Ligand code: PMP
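Listed next as C-alpha cells is one chain, alone, in the form predicted alone.
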C-alpha cells in the first residue's frame, strides 16, 4: 500500500511473464498501437499526441523540458512539495529563467497568487504537480488550466501520482501536457514514461529555433515511432520494452472497461473511507483541508510519541507495507499510504486493521 509501485492486476503481471516478442512482431505492433490509442481515452485528450518511452516519470518530465524549453524562456513552477522543487531544477538545466512559487507545507499556492504572477510576467510555460507524492496535496487542475489559457501559457501537469486515479480532462480543461509513470494508478510495473501533448504544445515544439539538446528525449526521434506503431507499422529508434508495453495495453483495457468517471468516483470513495478511519483514531493529515487532499494517497501524521520506524515495522508484521515520509522538513513526522489502481475496500480494511494493530 505504498504510493507506487502499487499492487498490479494478475492479468497485467501475466503479460510481464510471457515470452518476449520481437519489437517488430505483428502481435506486438498491434499491442503498441492499441496502447497509444487508449491513452487518449484515459487522458481524455482525443486530439493529443501520446508518447510511450522506456524510462521513469522523471524522464517524462525531462522530455517536456528538453522539447519545450529553449535558453532564456521564462517559466513559472508552482510547487506543493518535493516534486515541484525537482521540476524547477530540471527546467533550469535547459536554460529556463524559473520563477518558483512554493506553497506552505500542506497547502496550495493561492490561485490569486498564481494569476498575479502570470499577469506580471511574459511566461512561456507553467508547471504544477497535480498530486505531490511527498505531501498528498491535490491542486485544482481545471483552475490551473483555465489560468494558463487566459494568459496564453503552456500548462504542464505532473500527473505521476494522479493520472488514472484523479479526475483529469486534459483536452476539456486546456492542459497542454500531462505526464505520468506506469507504476502508480496506471497500474503497470515501473519502467514506462508516459505523456500526452496537445496540438498547441506540439506546435510550440515544431517552432523551436534551436535543436533539442537531449538526444534520447528528442520528440523528432520519437514522434515517427509513435505514428508508425499507431498506423500498425514497425519502426525503430530505441528498442521498446516489449513486455511492459503489452502490460500497459492490458491495464488500459481494464481502466477503460471500468470507465473513467466510475474510476474517479471509486478512488475518491476509498480515499474518504481511509481518511475517516484515520480520523477515528485521532490522526491528522499533512493537507490542511479536505478540498486539497488527494484521492490517490494519504499523508498522515504519526501520533505524538510514536516512533515512525518502529510503527512501519509493526504494520509490516501485519502483512501490509506502507511508506514513511518523503518531504525533508517533515520526513520523520508522517507516513504515506497509497490507495490507487486496483485498490478495493478489502485493501483499505486490511490496511486500517494493520495500522490499528501496530498502534496498539
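Remember, it's a predicted structure, so these values are computed and weren't measured experimentally. Numbering follows the first chain given and starts at 1.
There is also a form predicted together with the ligand; it is not shown, and the following applies to it.
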| query | finding |
| --- | --- |
| Per-stretch contact check against the ligand in the predicted bound form, the hit in 300-308, 58-66, 42-50, 327-335 (non-hydrogen atom, 4.5 angstroms) | 58-66 |
| Non-hydrogen atom contact residue 194 with the ligand in the predicted bound form at 4.5 angstroms | no |
| 4.5 Å heavy atom contact, residue 133 to the ligand in the predicted bound form | yes |
| 4.5 angstroms heavy atom contact with the ligand in the predicted bound form for residue 243 | no |
| Residue 83 within 4.5 Å of the ligand in the predicted bound form, heavy atoms | yes |
| Interface residue in the predicted bound form among 78, 181, 252, 147, criterion: non-hydrogen atom within 4.5 angstroms of the ligand | 181 |
| Heavy atom contacts to the ligand in the predicted bound form at 4.5 Å, residues of 310-348 in sequence order | none |
